[in-house]
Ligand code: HEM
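Listed next as structure tokens is one chain, alone, in the form predicted alone.
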């Protein structure tokens, strides 16, 4: 007798089209966002698919997503689901650390993004934008995906790791960081230790990054009396319960993890924001008027002033709805789950799709249409349908910094320049080849200085 039969529970419905040996891996790899939407359409609230032997249950809809993000926390493990990050962040860091050490590391990471630090960041980002546009001239054309990758790397480094790190950042650092990013391909979530060139480059980059970051740490320890007010300072001063400090390896891992939170997702969202500003002139005019009224007399761009831009916030929220930075969130089941009479067995993976959730027409009418006037996600049901940064006790630690970074960039940029599409409006589409969403390349826009 099966375990489900013994307990009187049913099993989740299985997605069709499974192939011997690989399960649904081929369909998942082609377009995993569309695959997940098809799973929900076929099976409903729960849908089980096979990732090359790893059985995964997709949980769809606000009720199931709330259970995933909050209600089932004690029976689900993030660490087991995200072993693909271990070679990137490093051994003994976050998802490879014992539970109590992981808890302390994550608390230190949250402390690094505390209000006192955040107050300094808006002005830093505005300066980075000013430096960025200084060579633009009155008009031109660029691939803005590449440009925003560079800009958000600079802003994240400057804000989180300090000016000393930012201005010593070389092309080597950018290449190393790029190699780490490429190491988080879909296959890494099946086996991150396969003998593949992309993983070999990832491991080499992680070793070299630790050498570079350890050099900065050594310089700071030699100047112990100087205050920096950034994330790296917080990492270096953080301690475990026994009073011991983080090692260079652990500090490097938290640096990388925080950079991912502050840059990895923001570059794609920033590029999509620029595209939608060019593609949605009626909403752009409203946002511009708001920014000109607030900053038109030369008022300094501050963390406090960025709380007074509801139209820009609503615009960015709609960008995040249509183009959520992380398409898929996962957990590993560590204890059997009875979800509304259905057994989800220990050892399986459960997942939710932000991309599919944000296209649920029940909560987002005409979901493929960009509408910056949509009602805010302030009801319980809609709150768990709109999940660009997850939710519950494990909501993305970098979400506040990411939003502040996006608001700072466009509050500084939009009053100076206007943007126009180079290619047909419908040619700007999501690149779904990786786990982090960004526009397809090239993402070309024309810019022109405002008179």
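Since the structure is predicted, the reported quantities are computational estimates derived from the model, not experimental observations. Residue numbers count along the first chain shown, from 1.
There is another form of this protein, the form predicted together with protoporphyrin IX containing FE (HEM), and it is not shown here; the text below is about that form.
The shortest heavy atom separation between residue 61 and protoporphyrin IX containing FE (HEM) in the predicted complex exceeds 4.5 Å.
Among residues of the shown chain, residue 249 is not one whose heavy atoms approach protoporphyrin IX containing FE (HEM) to within 4.5 Å in the predicted complex. Proximity of residue 148 to protoporphyrin IX containing FE (HEM) in the predicted complex falls outside the 4.5 Å heavy atom cutoff. Protoporphyrin IX containing FE (HEM) in the predicted complex is not approached by residue 101, whose heavy atoms all lie more than 4.5 angstroms from it.
Though protoporphyrin IX containing FE (HEM) is absent from this view, in the predicted complex it lies within 4.5 Å of a heavy atom of just one residue from 234, 349, 353, 266, which is 266. Checking 86, 106, 372, 190 for any heavy atom within 4.5 Å of protoporphyrin IX containing FE (HEM) in the predicted complex turns up a single hit: 106.
Between 280-288, 106-114, 128-136, 337-345, the stretch whose residues reach within 4.5 angstroms of protoporphyrin IX containing FE (HEM) in the predicted complex through a non-hydrogen atom is 106-114.
Contact check for 199, 432 and 438: none of the three has a heavy atom within 4.5 Å of protoporphyrin IX containing FE (HEM) in the predicted complex. Heavy atoms closer than or equal to 4.5 Å to protoporphyrin IX containing FE (HEM) in the predicted complex belong, across 301-331, to the residues 320, 325, 326, 329, 331, ordered by sequence position.
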